[in-house]
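In structure tokens, the next block holds one chain alone, the form predicted alone.
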Amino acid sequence: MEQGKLFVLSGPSGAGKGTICKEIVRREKIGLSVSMTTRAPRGEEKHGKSYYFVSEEEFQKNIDEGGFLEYAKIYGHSYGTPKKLVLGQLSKGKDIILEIEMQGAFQVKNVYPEGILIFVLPPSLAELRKRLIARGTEDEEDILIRQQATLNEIALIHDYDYYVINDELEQAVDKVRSIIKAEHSKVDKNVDRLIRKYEEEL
């Protein structure tokens, strides 16, 4: 069975990573990994679907037991990707997409070098500000902090495999879908199985 591929979407807060992920999961045969976090739910977020919302103590227990593929502290809250679920699905040939912050993306790449990193960018800082204001979850000081953080994060884009500018959602989703399709035609270790298939026909 062909190994599934791990796609990691990250980028500045407010760039639209979550919306793109939801559309990709809706249109492609791909699993969305649910992260664990110590922050409180926002709006209509649900435990086990949006995130696993846990206490600091429970999160630390998972760290101690080596239960995360990656974890990071962002804006005072901890986030982590449960390792067992992701690796199990990949071994069954299922693609998985992760929506995580940049610290976590680099950890994933270290633990699982085959992971494909995609950086999602806003079309401009002005548009990013508008999106953050519309979201209504940050005050003016938080928005200024996030805008400065965005400039720092963009400087790390060279460590990613792809980037997508999320100006028009439909176009951004199509670009990510194209990346997924292209990666499945990439010459990698999965191609050895294809070679054996031809050899067996002789």
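What you see is a predicted model, and the numbers here were worked out from it, not measured in a lab. We number the residues from 1 along the sequence you see.
Just so it is clear, the following notes concern the form predicted in complex with a small molecule, a form of the same protein that is not shown.
Which is the contacting stretch out of 156 to 164, 66 to 74, 172 to 180, 136 to 144, given heavy atoms within 4.5 Å of the small molecule in the model of the complex?
It is the stretch 66 to 74.
Taking any heavy atom pair closer than or equal to 4.5 Å as contact, tell me whether residue 42 reaches the small molecule in the model of the complex.
Yes, residue 42 sits close enough to the small molecule in the model of the complex that at least one of its heavy atoms falls within 4.5 Å.
Residue 38 versus the small molecule, in the model of the complex: is there a non-hydrogen atom within 4.5 Å?
Contact with the small molecule, no.
Would you check, heavy atoms only and a 4.5 Å threshold, whether residue 95 touches the small molecule in the model of the complex?
Outside the cut-off, so no.
Within a 4.5 Å heavy atom cut-off, is residue 120 in contact with the small molecule in the model of the complex?
No.
Residues 17, 51 and 100 are flagged as a possible site; in the model of the complex, is every one of them within 4.5 Å of the small molecule by some non-hydrogen atom?
Answer is yes for this spot.
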